[in-house]
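Only one chain comes next, encoded as structure tokens, the form predicted on its own.
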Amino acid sequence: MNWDRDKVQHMASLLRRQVNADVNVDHPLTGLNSWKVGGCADLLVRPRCLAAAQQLFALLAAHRWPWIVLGSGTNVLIADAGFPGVVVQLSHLKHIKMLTPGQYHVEGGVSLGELVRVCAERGDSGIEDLAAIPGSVGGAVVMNAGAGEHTFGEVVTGVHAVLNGQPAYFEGAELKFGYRSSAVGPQMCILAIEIQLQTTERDICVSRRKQALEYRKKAQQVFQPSAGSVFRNLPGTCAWKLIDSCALRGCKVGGAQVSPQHANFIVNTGNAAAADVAELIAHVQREVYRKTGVPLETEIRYLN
């Protein structure tokens, strides 16, 4: 949907009057994603509390305005043309509350790394392996973030969301967590979750978290803007091994490059456009399929 400037300004004015939120017009998205690419959002809206978020999504549904949620921007490719609608960020929703020993209520804007740190410091175990995964808690649910032997979906017991503009609650099992996937659909936004961890010794949790951070640092030393692993691993093999076997390490399209340090990372060498990244992803998929017969699927989300 294309809006003229008067329409966008009218929408911004309405949102500022009716929702407790930060509202920005024609906001650049380049600085809000880890690839450092992409255009502008017609509107960028950051609700300041859970109630404001619910109010916002009700309003978006009532007016049928297109919207998308942008978390920490660590697993998304934003188009050079930006997003013609409302981009919602839950960056103000950062509360972590212990309900019972090992049980937490966590708002969707909390970073996964911060949640792991808080829980480890209290001796609550089950997510230490996820310490180095970037992104927000909401995004970790959508993609069922995982590392080592654990995935985030294993500890999620409940999800508070909005679906088609209305408040909704789901038991963890209802989200059908799979490999880097869940049943969270395009008209659903996760506002908060409950998790259940196992209480153990604080020193053990802290040590596991430290080991996870150190392993990630050694295994994935990539020094340019990236979105982490681009392609899903397949049963019995790693995506990076397939890419490497096809001599694609270091391959470039414009300012985008298959990382020389990690073949499942695509990096921005300094002047990449989103179109460069997208073209390089497609090239890697074509070459791997041509040479090995294996179709690579992406882990990233496209925002356009």
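Numbering starts at 1 and follows the sequence shown. Remember, it's a predicted structure, so these values are computed and weren't measured experimentally.
Omitted from view is the form predicted together with a small molecule, to which the following refers.
None of 79-87, 95-103, 138-146, 199-207 except one has non-hydrogen atoms within 4.5 angstroms of the small molecule in the model of the complex; the exception is 138-146.
The small molecule in the model of the complex is approached by residue 70, whose closest heavy atom lies within 4.5 angstroms of it. Put simply, residue 34 is close to the small molecule in the model of the complex: some heavy atom of it is within 4.5 Å. With a 4.5 Å cutoff on heavy atoms, residue 7 does not count as touching the small molecule in the model of the complex; it lies far away. Contact annotation: residue 153 falls outside 4.5 Å of the small molecule in the model of the complex, judged by heavy atom distances.
A heavy atom within 4.5 Å of the small molecule in the model of the complex is found for one listed residue only; from 123, 134, 126, 172, this is 134. Contact annotation: of the candidates 228, 165, 113, 158, the single residue with a non-hydrogen atom within 4.5 angstroms of the small molecule in the model of the complex is 228.
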